[in-house]
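First, one chain by itself in structure tokens, the form predicted on its own.
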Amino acid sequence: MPESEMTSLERVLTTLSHKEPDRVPLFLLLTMHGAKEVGLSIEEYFSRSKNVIEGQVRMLEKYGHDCYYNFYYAPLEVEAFGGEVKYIENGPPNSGRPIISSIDEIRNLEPPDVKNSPVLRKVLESASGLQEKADGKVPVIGVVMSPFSLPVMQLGFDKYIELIYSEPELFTKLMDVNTTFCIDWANAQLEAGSTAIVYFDPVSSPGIIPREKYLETGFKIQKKVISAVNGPVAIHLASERCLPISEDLCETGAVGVGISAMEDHDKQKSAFKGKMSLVGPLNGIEMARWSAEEAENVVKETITKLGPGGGFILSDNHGEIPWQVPSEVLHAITDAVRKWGRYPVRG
């Protein structure tokens, strides 16, 4: 089937249905690179929705991948709660001092008003603008932080782990606030124009929390949120391993899962086949050091293992390609997908 017969949206929807499209879809999850494209600092770039729209449009035109990625930076949601964001010149913005200095402050915590928050409103504006640019042909991907993972930035990692294990009442209160916010935030993005939502939840990964505790906490929250979101959701563990909880993830209601470069790809394919589409698993850190030839070889090998039968979107395994990855490598990845990703892919 000629590639021109499918739009990016059709290609992705076919993949999510566990069928074979014309070729493997490619998501280059580029955030900060948009600043390079429009000649702005990272801080200035994210200050206005029109910059993000322009950056995403230019990157799609430049690389020819299959999505608009309406993700600004990880601490954006904490910023909506009143937190600070720290910018650097060549990397992602980070959260500053935790907004909750004492766990007793959780008792009075309230969720932000999604539609009246200036920082959140920027994201909604760019979701609408990108959907207009997409013209029904390109998916617009929105992002939320899991209620279970957001507290790492709200409290700090050490205090949050202590809260999980030692303060069940306050933990429940915090999860209630964050869950209300997460559902409202996801649905507002869908209403504004996002096609689907990525639910980042690294704290639920077995590399951070034991499965037994995950089943009591992050797993229940995943199911509650996903059931209340008015569109498709993919769970992403931000490069962490997912095979030890693969059966649990398949019960959350999510349509896709971000897979890690650290796990066996044959086992990943087997664990999720026909249940959840796979997104990943290129190593973004290594990507910064690749030559064009190395990029092609990795893409070819990855597609050969994960592509047959559909249900696979090639992407990085963290959900954000580092600033340091050069355009030559990104072009090489795109070219390799077009060369080796046409269906039928032979395993």
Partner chain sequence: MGHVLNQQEEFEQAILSMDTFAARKIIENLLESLPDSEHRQSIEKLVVHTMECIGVGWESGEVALSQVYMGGRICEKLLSDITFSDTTSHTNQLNTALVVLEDRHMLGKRIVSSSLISAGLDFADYGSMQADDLVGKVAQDEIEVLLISALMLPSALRVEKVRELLEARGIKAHIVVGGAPFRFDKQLWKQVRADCMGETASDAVAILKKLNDEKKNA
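Note that the structure is predicted; figures quoted are calculated from it, not measured. Numbering follows the first chain given and starts at 1.
Same protein, other form: the form predicted together with its partner chain, not shown, and the subject of what follows.
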| Any of the heavy atoms of P210 lying within 4.5 Å of its partner chain in the predicted complex? | yes
| query | Using 4.5 Å between non-hydrogen atoms, is K305 touching its partner chain in the predicted complex? | reply | no
| Even though its partner chain is not shown here, does G64 get within 4.5 Å of it in the predicted complex, heavy atoms only? | no
| message | Can you tell me if A292 lies within 4.5 angstroms of its partner chain in the predicted complex, counting non-hydrogen atoms only? | response | no
| request: Using a 4.5 Å heavy atom cut-off, indicate which stretch of 113 to 121, 200 to 208, 172 to 180, 246 to 254 touches its partner chain in the predicted complex. | output: 200 to 208
| Option touching its partner chain, based on a heavy atom within 4.5 Å in the predicted complex, out of D158, D135, D266, D104 | D158
| Just one of Q131, N187, S239, S277 has a heavy atom within 4.5 angstroms of its partner chain in the predicted complex, so which one? | S239
| Looking at its partner chain in the predicted complex, which residues in 316 to 336 have at least one heavy atom within 4.5 Å of it? | N317, P322, Q324
